[in-house]
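In the form predicted alone, a lone chain appears below as structure tokens.
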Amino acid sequence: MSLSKNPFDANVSLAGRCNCGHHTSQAEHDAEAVAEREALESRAVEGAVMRALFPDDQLRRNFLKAVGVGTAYAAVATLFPLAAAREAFAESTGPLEKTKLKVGFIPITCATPIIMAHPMGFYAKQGLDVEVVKTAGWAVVRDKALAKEYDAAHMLSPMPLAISLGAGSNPIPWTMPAVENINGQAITLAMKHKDKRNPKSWKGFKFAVPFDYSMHNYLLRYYLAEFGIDPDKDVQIRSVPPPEMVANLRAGNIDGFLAPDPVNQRAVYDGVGFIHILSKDIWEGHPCCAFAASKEFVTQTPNTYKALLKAIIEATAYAKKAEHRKEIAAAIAPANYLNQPVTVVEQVLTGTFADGLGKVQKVPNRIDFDPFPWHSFAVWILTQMKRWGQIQGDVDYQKVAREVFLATDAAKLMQEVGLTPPKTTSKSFVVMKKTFDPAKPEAYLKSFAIGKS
């Protein structure tokens, strides 16, 4: 996909162009969208057949490498009616119940797949006319989603759990069919604290996080507590919408934040802060933001839901490839999306960035994209919600995880767009050198010296 016809380039006239601005006419746009969708569906069918014939991943890769992809599929076509399979696939999904949708988002790089799917045509490819609506903060996103002003939304991955459990509001069944990004956050401190790198010296600091029910809040609390700092007694943590964080740091209202990007990089760009630690160095591969929708939307408009989720997962697959990151940065930087200098967004997405302390760091997976909503992610989040008093009493961790994090839906569509989903929905992982076993959440919870639980 090329942005050579960038609608935000002042030298390009928009007269007569399509809605996305990449084509000379709406007819050209529609024709390309149909062609791309048919090609995608064809690849999905061929890939599914190949996986059925060669269920062993290594054996399949060896076969394709030995004979070549084209020859392999030609051989399969002589044994299996691929054309009929493609027709059956095309007919397997009924008509879209709704084509015009509103999806709310916060202007941060965590929302990259949801945002880029608009200017780069992933929604249109699925027959959807999606308006992505820039929103001021997470409480507003939640309230508009609950009020059905948004059909679906970019949410923090703990939010669907909190909504479903009624933490902070009445319980409403909510779902998280896909993770938007992994990693992609950092702790940034004001420049005046560049000589206070030891968290043990942070007593009395004022920190900002985007929302109470956020990975940022839980990761910051976890990090502080590991250094003996009680997040509720020794420091202040307040919720600040991401677009307002740098201004608050500049004004001296806060000493630092654990924030989504490009907020951290913008603080460096403006010379008001430095990156203390990337969130990936707290927990490598942690989830952050998510694509979320009500259970009602999922069940009452299943074809529309599938098309929307497929568009987002396909965009995620595209964003995962490093060679696409600069192109994506140019697509999402403009005012109606992130409203950031392209260089700021590029530094985040490519992982080559200034750290505010005079060094240029190269961390390719500073932010990455993997849509699979691991049930064990949900279980870990629930332990932290309980640890800090956001939920009380007995929690059926596995049941809540299964009902909210829709791993089966994600796995199916990941296969259709060429990604390889995991064979299980749960895994252990390490957070600050401490292994989390999702089968023993209560033991994990009781192992912490600091917390309300």
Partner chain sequence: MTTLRKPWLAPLLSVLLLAFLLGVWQLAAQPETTVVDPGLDPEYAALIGAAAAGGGQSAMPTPGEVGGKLWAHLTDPFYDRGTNDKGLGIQIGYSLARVLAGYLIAVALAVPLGFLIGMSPLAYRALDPYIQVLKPISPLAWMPLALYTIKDSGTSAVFVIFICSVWPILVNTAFGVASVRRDWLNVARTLEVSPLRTAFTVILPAAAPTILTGMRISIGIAWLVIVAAEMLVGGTGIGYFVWNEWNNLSIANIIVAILVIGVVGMALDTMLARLARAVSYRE
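All of these numbers come straight from a predicted model, not from anything done at the bench. Positions refer to the first chain, counted from 1.
Only in words, not in the display: the form predicted in complex with the partner chain, which the text now covers.
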Interface segment, criterion being heavy atoms within 4.5 Å of the partner chain in the predicted complex, picked from 313 to 321, 177 to 185, 288 to 296, 339 to 347 | 339 to 347
Among the candidate residues F369, W380, F207, F353, which is the single one with a non-hydrogen atom no more than 4.5 Å from the partner chain in the predicted complex?
-> F353
Scan I277, V363, A330, A247 and let me know which has any heavy atom within 4.5 Å of the partner chain in the predicted complex.
-> A247
Can we say G256, G393 and K452 each have a non-hydrogen atom within 4.5 Å of the partner chain in the predicted complex?
-> no
Examine D143 and determine whether its closest non-hydrogen atom to the partner chain in the predicted complex is within 4.5 angstroms.
-> yes
Would E226 count as a contact of the partner chain in the predicted complex, using a 4.5 angstroms cut-off between non-hydrogen atoms?
-> no
Any of the heavy atoms of K134 lying within 4.5 Å of the partner chain in the predicted complex?
-> yes
Any non-hydrogen atom of K359 within 4.5 angstroms of the partner chain in the predicted complex = yes
Sequence-ordered list of residues in 106 to 125 near the partner chain in the predicted complex, where near means a heavy atom within 4.5 Å = P107
